[in-house]
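Take a look at the structure tokens below, where one protein chain is shown in two forms, each on its own, as structure 1 and structure 2.
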Structure 1
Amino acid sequence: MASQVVVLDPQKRERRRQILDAAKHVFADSGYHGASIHAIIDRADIARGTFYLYFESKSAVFSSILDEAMESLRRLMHRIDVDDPNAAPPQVQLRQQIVGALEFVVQDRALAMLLLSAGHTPDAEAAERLDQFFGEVRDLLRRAFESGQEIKLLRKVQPELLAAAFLGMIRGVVEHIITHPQPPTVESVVDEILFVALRGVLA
């Protein structure tokens, strides 16, 4: 049976967003294990009862943050259009998508810090949920490489292996950008990634 989509009115959507933003910063500052619902409601400046109107637990709000981040990445990373004669060249579309996805992460420092906590959290539930998130990212990258081969943008590659390698590189780049006192621009980082990483796989 398909789950029903609950549509919130604008005021409730804004309150939910307020809670998610507060939770994201609390998780980024304290880690999942150190975060508490009390800290989240304190930062969001809401009553405890208000929190439970939207989320049943700390785990639920954590999962919602990752779900929304994944949804945004799926919108940003999509199949390159080679059928529309007015579309930009495939290489340009590829660059635009990578720039958009990287900007989405690094411009939200709290989200970036939360994602970088993967592998460092002592909480098994959070570690499992982060592993699931990055598994979805790897799958997104794998399908992108498969698509690149189909449209002859890439030479024959091992999509799953390449996706794992790219994910590791991207995580390292995100960490460098958000921790460096004078970070490079996202566009310059993407140009470097494309030059170094894709040079060996472009058709």
Structure 2
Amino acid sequence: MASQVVVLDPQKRERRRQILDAAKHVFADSGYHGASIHAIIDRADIARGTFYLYFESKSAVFSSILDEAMESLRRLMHRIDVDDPNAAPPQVQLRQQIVGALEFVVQDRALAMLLLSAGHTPDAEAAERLDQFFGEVRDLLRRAFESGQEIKLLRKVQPELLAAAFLGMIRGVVEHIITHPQPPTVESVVDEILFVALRGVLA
């Protein structure tokens, strides 16, 4: 059976998970550079050498974490069905997807912090991988704007610019939710933001 993912026997899979989880939390706590292999293997409760048995470098784990996240996100973002009369109205579908994606990110606090906090790192490989991640998300958004425009749901906009702006907005919102002492529900946040995005702030 063809598979993009290298098939590992369950034991190794399990170890890999263990390391990925540990790394995710450490990256979240300390940022990419601040995360030490020491902290990761400590949390994963494995030996130093074992780490390098599963990942060839620090940036490799980082990459894998982003890979997994991207895949999950992609699974959540289907095409919005406009033609099927049985489907929910587009705006409802849109809202559902955004809520879903945001909830995915926000509920995995470690992932969210990792994504927010990992800035440019001196490690070129990691930096590139992160750029790529956000690039993909931005593409997702851009295509969404383009479709919306085509089907006349949205007015004429510059999709690329808007994608960049909205990606930033999402990051800002996620940060708001995560760092807030009494985090609002994702639903309430999406309602407010979506309203603003769709209709603007003008009275």
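Whichever C-alpha set is largest while still superposing within 1.5 Å between the two forms counts as the rigid core. Sequence positions of structure 1, starting at 1, serve as the residue numbers. Treat the numbers as computed from the prediction; the structure is a model and nothing was measured.
>> Deciding between structure 1 and structure 2, tell me which is the form predicted on its own.
In response: Pick structure 1; the other is not the form predicted on its own.
>> I want to check I65: does it shift between the two structures by 2 Å or more at the Cα, with the core superposed?
In response: After core superposition, the displacement of the I65 C-alpha between the two structures stays below 2 Å, so no.
>> After a rigid core superposition, would you say the CA of F166 moves by 2 angstroms or more between the two structures, or not?
In response: False for F166: its C-alpha shift is below 2 Å.
>> Quick check: V105 between the two structures - does its CA shift reach 2 Å or more after fitting the rigid core?
In response: No; that C-alpha moves by less than 2 Å between the two structures.
>> Looking at G49, what is the CA displacement between the two structures after core superposition, in angstrom?
In response: G49 C-alpha displacement between the two structures, core-aligned: 4.0 Å.
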